[in-house]
Ligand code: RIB
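As a starting point, one isolated chain is supplied in structure tokens, in the form predicted alone.
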Amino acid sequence: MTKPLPLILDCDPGIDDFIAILMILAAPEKFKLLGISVSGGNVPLPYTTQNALKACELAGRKDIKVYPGCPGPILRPLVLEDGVHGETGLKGYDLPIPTMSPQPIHAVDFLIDTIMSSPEKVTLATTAPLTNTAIAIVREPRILDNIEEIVSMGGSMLLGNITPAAEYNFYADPEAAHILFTSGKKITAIGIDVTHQVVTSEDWFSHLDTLENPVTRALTPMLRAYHDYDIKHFGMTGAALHDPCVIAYLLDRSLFKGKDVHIEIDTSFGIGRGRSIVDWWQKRDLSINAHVFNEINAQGFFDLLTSLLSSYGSHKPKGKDSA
């Protein structure tokens, strides 16, 4: 039997990060979650921290430790995704204030200490602006030697979703993304070229409604609010499930197709700021620093996600639908 994968999640919940946490906690036989580090991103740090705690409590995992980190990026003030996740990050459903408390250790210290002391190489999943991860690398570059893989949700080969050129996570802190992609560690990158291929639908919501478990009862109203936003503002058929793709990849790599490339991050202060420049055809003959995906098996993704969400037990969360 394969041992659970030692894993750290660096996130900024947000509805899609919230789902990623629930996916991890639904598969304890696959993941040994060493902790969750949190930054400002989708919403400010106090909310992202609280939302990570709420996800753990909803999943019945009060043993998981959550470490607040950087409230904003390295150089500029934090730019929020306007309205995507609502004011608190979990629009659509009111979960109770968590009884868990965040850890008093800063997320950057947690990342360094945990990775350096781990007897096994750690996998680092990032679904947020890369500030925590980048500062940890700058402070202690040796952590890279004890990281098995860094899987990052971010970037785009084509269109941006926060500017015409840039995807949100990389745009929020381009300097941090630059540090990651020039660290010497090959990065596994899942951009919006892939995540826009897995979108919510009314048929899927109807299926979630049949599961009748406490997690999906809380999650489905959030997903519906998220779904409606993407339809209205992006003209999509549903909501793109960005961050869950990272966890899906770690559970079933066969769902994804891509290739080794060189990625450069635009750290200028013009219209291209935060863009991930993907040299798909190796035109610049630069060294490989990433494996980037451009295809995903959407049906396989939703089958996996539904299976994980269906695994939750019978405890009922306290909460109510919100406007």
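When you see a residue number, it is the position in the sequence shown, counting from 1. Given the structure is predicted, the values throughout are model-derived calculations rather than measurements.
Another form, the form predicted together with alpha-D-ribofuranose, is not on view; read the next lines as being about it.
**Student:** Should residue 133 be counted as a contact of alpha-D-ribofuranose in the predicted bound form, where contact means heavy atoms within 4.5 Å?
**Tutor:** Residue-level check for residue 133: no, no contact with alpha-D-ribofuranose.
**Student:** Could you confirm whether residue 37 comes within 4.5 Å of alpha-D-ribofuranose in the predicted bound form, counting heavy atoms only?
**Tutor:** No, residue 37 is distant from the partner.
**Student:** Heavy atom to heavy atom, is residue 153 within 4.5 Å of alpha-D-ribofuranose in the predicted bound form?
**Tutor:** Residue 153: yes, in contact with alpha-D-ribofuranose in the predicted bound form.
**Student:** Quick one: does residue 242 come within 4.5 Å of alpha-D-ribofuranose in the predicted bound form, counting heavy atoms only?
**Tutor:** Yes.
**Student:** Using a 4.5 Å heavy atom cut-off, which of 140 to 148, 163 to 171, 104 to 112, 214 to 222 contacts alpha-D-ribofuranose in the predicted bound form?
**Tutor:** Residues of 163 to 171 come within 4.5 Å of the partner.
**Student:** Just to make sure I understand: among 12 to 40, which residues lie within 4.5 Å of alpha-D-ribofuranose in the predicted bound form, judging by heavy atoms?
**Tutor:** Stretch hits, in order: 12, 16, 17.
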